[in-house]
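The form predicted alone is given below as one chain in structure tokens.
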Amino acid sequence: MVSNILVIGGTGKTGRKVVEGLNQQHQNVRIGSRNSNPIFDWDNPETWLNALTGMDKVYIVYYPDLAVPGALEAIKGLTEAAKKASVKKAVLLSGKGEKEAERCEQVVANSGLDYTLVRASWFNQNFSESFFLDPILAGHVALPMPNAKIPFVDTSDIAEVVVKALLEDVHNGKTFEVTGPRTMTFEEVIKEIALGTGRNINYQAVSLVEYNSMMQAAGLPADYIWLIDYLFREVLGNEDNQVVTNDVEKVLGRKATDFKEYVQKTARTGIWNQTLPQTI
């Protein structure tokens, strides 16, 4: 059966892969972004209803994170707009172990829509598409929480779970916690990437206070620093988030992608062998 599906954040880390997976299943996909037509902009609620109109289902990714101030109100507003547009089902991407995110989950769960909640551990792709990439290219990665053992999950696995959740009613009302197949410390991650690329990449453990000072010195916005501090302090510091689940295997019928497999695939793209631009 063909559905009309809005993929919010359809050009992002998980969203673009969800779009690809839905297209392979011959679904009618609308990308929700500031550059799409119709426009979807989280900062402009007036765009939400128009983007949702005519859609049967919606994949919700809130940027930058469900933990930030304003996220709860945005999710409330979006679910109301979805109901007004006669959307039948929502799949929400959430963060594993984020208490603020769980409040947003409850809004979706209590909305009257069919729903699936997908709680994800930290992404493998944070090391190739996000804030950890530049330090890796520089050959020196300084990060706090050296003892945290994280079950990093691949965005391809998340996207496949989301596609299944969107298309199969058997997943309605369920919450999936998606992780990789093993836990790793940051030091183990950097060693794995160094081995896979044949490069010398040094890991240095720093305190969270030192890391915040480094972000401030780099001129990063205060709200970004707050979010990163929250994710390290509240999420990585929570032992519940250091638990491996088998939900990827439960939904997809195969084991979750191992970090080593991610490294091998990513290394072939050459992304970790770029040269950082020189600053004057």
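Quick caveat: nothing in here was measured; it's all calculated off a predicted structure. All residue numbers refer to positions in the sequence shown, first residue = 1.
Another form exists, predicted together with a small molecule; not displayed. Remarks below refer to it.
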Here the chain is shown alone; which of 234, 41, 249, 56 has a heavy atom within 4.5 Å of the small molecule in the model of the complex? 41
Residue (of 104, 165, 93, 78) lying close to the small molecule in the model of the complex, criterion heavy atoms within 4.5 Å: 93
Based on heavy atom distances of at most 4.5 Å to the small molecule in the model of the complex, which listed stretch, 215 to 223, 250 to 258, 33 to 41, 236 to 244, is the contact stretch? 33 to 41
Hey, in the model of the complex, does residue 63 get a heavy atom within 4.5 angstroms of the small molecule? yes
Just checking whether residue 9 would be counted as a contact of the small molecule in the model of the complex - the rule being heavy atoms within 4.5 angstroms. yes
Wondering, does residue 120 line up within 4.5 Å of the small molecule in the model of the complex on heavy atoms? yes
Residue 17 within 4.5 Å of the small molecule in the model of the complex, heavy atoms: no
